[in-house]
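First comes one chain, alone, set out as structure tokens in the form predicted alone.
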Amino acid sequence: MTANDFFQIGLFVAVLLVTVKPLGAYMALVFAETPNRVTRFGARAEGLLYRLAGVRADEDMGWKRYAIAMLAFNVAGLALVYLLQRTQQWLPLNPQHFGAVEPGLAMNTAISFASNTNWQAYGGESTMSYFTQATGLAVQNFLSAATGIAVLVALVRGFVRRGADAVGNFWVDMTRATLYVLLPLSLVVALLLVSQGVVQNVSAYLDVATVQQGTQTLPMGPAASQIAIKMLGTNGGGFFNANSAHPFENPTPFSNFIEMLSIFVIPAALCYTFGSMVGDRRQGWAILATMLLIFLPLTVGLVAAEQAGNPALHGLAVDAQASALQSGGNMEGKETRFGIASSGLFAAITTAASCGAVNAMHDSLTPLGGLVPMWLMQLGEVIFGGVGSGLYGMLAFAVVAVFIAGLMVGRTPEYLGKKIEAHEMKMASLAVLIPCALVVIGTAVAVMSPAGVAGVANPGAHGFSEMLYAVSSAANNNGSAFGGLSANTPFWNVLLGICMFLARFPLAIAMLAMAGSLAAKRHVPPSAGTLPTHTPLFVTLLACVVIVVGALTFLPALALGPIAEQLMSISGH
């Protein structure tokens, strides 16, 4: 690695950390139980929305009502996005006259955007009308992100409340997450992107003359507004098929930096929000430190692997001319305006968060370089993760960590003043194990099915990696892909659709069930036997739990895919 690589990674982390406290403190006010200067400022707009929707803002919900409201709202959004795709040929803002989207693909896409996955088995500029993109996909980018934040806030209330039978109001939490957090940030990011040349219009596609005396069609559309929320909401669905590698989505190094920062800014700040809401900011910093402790070494490893290039091209079985091809590192599949460092950093960020936006072809990463984003997803999308969902996933791991610590000292574990008992452990276990099971079972089904193997473009270890990556992405609500897999088939649309749905909503319900159980408990004062959960010792324990679960679950599969491919490359195959 070069000094420039370390500088770019360090600059990104430094700017990110500067934003954590102000944004985190602001969001703590947004979701506070009592009125404050932030909620009073938007009270009129907020009240108008409640009246139009017939919502009683002062009504507290038990966890079951909260879960039913969350599930019903998202299923309704899923159905609406499906309907828009199937009828877009009759709807306005369709200057290219795109027809209806095929039913299997439409259902896969609807589940994808409702579950905050944004897996794309279609080309945006050749499939979706402006109306479908703006009123269906972009709107779901807001609502699915707000859902994740709402579930997190309900879980935090479970730790804060004492002897309560309610965890808040889903409609209020959704509205505030959208109105006070996602909308204003999206406006700022969209304006920054437009200033860099990202398109934002509803014009028909343009035919322009090329220097070779030919004609090229340039896609247009309201891209900047959708890109802003796709990043901030850790959604990842690109307006164009090439996603953030497309010059109309991500034209400059500065726009690239803004997009990377947008992916992490809310998940990182929510750690501070969590600490503020539970009354101990050290707890939030401890969670953030755990995320960085895992993220930074893996990011450095990814960039180092790409800088080293493919060992088969400068090692044992190739001539000097081939060896010189990658003397500057592996630039295959990367944009020259970004280079290796920004492409590798983007790949790590987008897979650590459940975003899935890409500015390079992950299928062209070196075997060890491709292993890092794959494993970041397989860890459960808790290393920052999706907005809200990443932090509540990490809190599930924290519950497991304090339970393990409790077993070591022979006492009932406690976390944030609440005893962790059988019910909490069951819910935390479900949150940890459901994505793992979906990845392992889904990949096995794909490997054993002729229809699954038929979509693989590359034989051997890399082909297996393509399937493993796709199921890992769907089962952890990420949405990125190794591009060699042809996933727009009935088999893959159904398999990945099931994985995306089950990875999102059962986990959210499990977290709400935990929130309801915790809220009903009384506060337990700390004692000499209480494990401090804000210290470097707990940060290390929590990081080890996350890594060990990921390693025990996926190391055999990784050995068959990227690790085997790396060994083959070293031997010259």
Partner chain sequence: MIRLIRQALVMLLLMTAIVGVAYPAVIGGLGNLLFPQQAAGSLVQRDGKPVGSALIGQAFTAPGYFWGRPSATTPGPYNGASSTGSNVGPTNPALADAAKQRIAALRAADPGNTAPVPVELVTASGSGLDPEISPAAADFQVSRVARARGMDPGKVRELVAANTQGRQFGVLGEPRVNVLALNLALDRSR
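Residue numbers count along the first chain shown, from 1. Because the structure is a prediction, the values reported are computed rather than measured.
Separately, the form predicted together with its partner chain exists; it is not shown, and the next lines address it.
The single contact residue among S276, T489, T252, N94, judged by any heavy atom lying within 4.5 Å of its partner chain in the predicted complex, is T252. A heavy atom within 4.5 Å of its partner chain in the predicted complex is found for exactly one of V439, V101, I420, V198: V198. Segments offered: 447-455, 397-405, 489-497, 77-85. Contacting its partner chain in the predicted complex at heavy atom distances within 4.5 Å is 77-85. Using a 4.5 angstroms limit between non-hydrogen atoms, A513 is distant from its partner chain in the predicted complex.
Contact annotation for E332: at least one heavy atom lies within 4.5 Å of its partner chain in the predicted complex. Although the partner is absent from this view, G158 stays clear of its partner chain in the predicted complex, with no non-hydrogen atom inside 4.5 angstroms.
Interface membership of P525, defined by any non-hydrogen atom within 4.5 Å of its partner chain in the predicted complex, is ruled out.
Contacts between 346-365 and its partner chain, taken as any heavy atom within 4.5 Å in the predicted complex, involve M361, D363, S364, L365.
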